[in-house]
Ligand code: ACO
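Have a look below at one chain only, the form predicted on its own, in structure tokens format.
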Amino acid sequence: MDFEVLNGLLRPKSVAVIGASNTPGKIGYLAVKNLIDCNYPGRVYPINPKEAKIQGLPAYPSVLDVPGEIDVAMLIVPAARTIAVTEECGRKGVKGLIVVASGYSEIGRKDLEDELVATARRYGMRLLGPNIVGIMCNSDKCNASFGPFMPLPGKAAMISQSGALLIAMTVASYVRNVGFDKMISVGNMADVNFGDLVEWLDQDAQTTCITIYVEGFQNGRRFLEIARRAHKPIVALKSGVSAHGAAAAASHTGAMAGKGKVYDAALQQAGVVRASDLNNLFDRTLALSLQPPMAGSNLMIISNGGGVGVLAADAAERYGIPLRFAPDDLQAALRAYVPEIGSVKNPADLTGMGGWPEYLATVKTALQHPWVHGLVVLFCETQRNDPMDIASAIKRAVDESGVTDKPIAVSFIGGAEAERAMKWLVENGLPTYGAPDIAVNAIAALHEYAQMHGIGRDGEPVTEEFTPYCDVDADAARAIIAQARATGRVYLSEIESKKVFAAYGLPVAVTELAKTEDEAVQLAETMGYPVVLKIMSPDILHKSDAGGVKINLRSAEDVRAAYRAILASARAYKPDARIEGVAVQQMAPSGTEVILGSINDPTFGPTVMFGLGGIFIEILKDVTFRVAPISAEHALAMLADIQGAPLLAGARGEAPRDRIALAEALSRYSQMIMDLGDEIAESDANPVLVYAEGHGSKVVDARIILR
């Protein structure tokens, strides 16, 4: 990324407004007015061939007539004129373009958008947009947008794909008391995208938290790589997840990937904190922009009322940081300031008798205790105490504690005086909210960020680096796929799928095709009894539903009878089904059933799924996703993500399953779908049987659907 060019675009020392106007209400009028009203210190060059002056500033017919240098040009002209205007900007040496104009890919004119970008790149310019509001920067006093005013000053930076939402959020920043130094509209992202901006903002001295509203990524993998390397917290609100992947339902995995789970997993891998809605986006932004990560899981709550303390405790469990009782020495230290009728266990309840001296002492004591990793302070407004006194005591306690590496969030519940105190606390660096559960959620964001980035993680951080397995045969796998394509198929048979899996070292049950009863018996006797027989038909995806599976066959007579029964059932189930034969497979010992699955996600590419398998996949839908490839260590952590994880750990007296072997299989599988990403659309191994520790796993059924 060219930081110098992006600096010119995002921190311009001069702005040309092409399409500037003297007519109030027009976008060209608002853009010039905003730059004047915000006391922009750079040069403003209105461009309009029909006017000598625009709002008191000299106007120029073209950028080519401007006597000085131009860092950025705002294009507020019809889309049809932007190519010619971009040519002029390139000849002038403009560094970047803010293309406010609409009428491009959002209405089907991708060709015009591509031409615009190609023209800009020919001259080395970067382009923001098109179809955007513009950029706002408090620290640079630059409002190069048609938004009505700048956001409340603060330490966060907002990137929004929606222009209308960005304008609304400038207003909301004052109502919500959440400050932003920068707000950047990205629109169609024809050139500059989320990844570019995150990379630039990560080096911006005025930004402590990057907030994004995203409808879709253009290059999801690149964004993940940049976000994973970022040194500053990123919080994201993703819209449109309910419809994501709805068309991908050819496999179990495709059916499971339709409700945002891939986005959730991908952003988690990148260390991006998720927001559930706009309110939550503001709440989490405030905490992440003002407070350090929560480097541990011991949350302490201090309140002056049992009710709000219980609400906060409930929220802590709901948001993944359930409370623990404070250690004896901390309880003893707090008891000096808490009345006998109050609790010191956690939450610590100062009761209604608690005033500013008690808040000062308990907050300071808690912060300085090594057991405490994060603190939530709650205050219910009472006639006994002035909220500003309590707010001042909390801030003083934080300052006097000398502790700077533990986060604190505050909640005041009350009226106008409480509101005034909350505003003062935010202005002094302490995120403060109007409800206890919101304060806990804010602390949870700081805990999530720390956990994802290995800051004070419970246990060792997960290794993200993937080292490819060397004992794989990608050529053999591709040859099998090529043979299938040569016959015009976009699927592999179970036998072919297993051979591809085996080429990547996955432990598959030996399976061969029989086209006659005699062949089935011969294969069974070669493999050794017991065996399994399965129908092989491209028209029957769910074999069990068609009566197409017979298990635990222990003799030649069993095999012959099963062969005939399977063919009869399959023909009755679907008379026009193409029958290729019957698969004969080694009968694997029973084990815990899991599924390995994959999709080629349109945003993030090859993506792996893991969950409980067999019939449970459709009933419980207990699955988790990761963008491939993943290390065996990462795969091991992935196994713990599902609700059924205790089944693998050894629940109710059962022996623990061989999670090490399963994690390696999942990691190898992720390499397979990554290597063959240009070939495989979806795949799954279901079920995979997992045995007791030291006894491995076995893939007993497999499916691959080609792109």
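Quick note: we count residues from 1 along the sequence shown, nothing fancier. These numbers were taken from a predicted model, which means no experiment stands behind them.
As for the form predicted together with this ligand, it is not shown, yet the points below apply to it.
- When this ligand is considered in the predicted bound form, residue 102 lines it closely, a heavy atom lying within 4.5 Å.
- At least one heavy atom of residue 164 is located within 4.5 Å of this ligand in the predicted bound form.
- This ligand is not shown here, and in the predicted bound form it never comes within 4.5 Å of any heavy atom of residue 658.
- Residue 642 falls outside the set of residues with a heavy atom inside 4.5 Å of this ligand in the predicted bound form.
- This chain lacks the partner; the member of 49, 653, 68, 56 within 4.5 angstroms of this ligand in the predicted bound form by a non-hydrogen atom is 49.
- Only one of 681, 38, 27, 44 comes within 4.5 Å of this ligand in the predicted bound form through a heavy atom, and that residue is 27.
- Contact with this ligand in the predicted bound form, defined as a heavy atom within 4.5 Å, is made by none of 186, 192 and 227.
- Annotated contact segment (heavy atom within 4.5 Å of this ligand in the predicted bound form): 130 to 138, selected among 394 to 402, 354 to 362, 130 to 138, 271 to 279.
- Along 530 to 560, a non-hydrogen atom within 4.5 Å of this ligand in the predicted bound form is carried by no residue at all.
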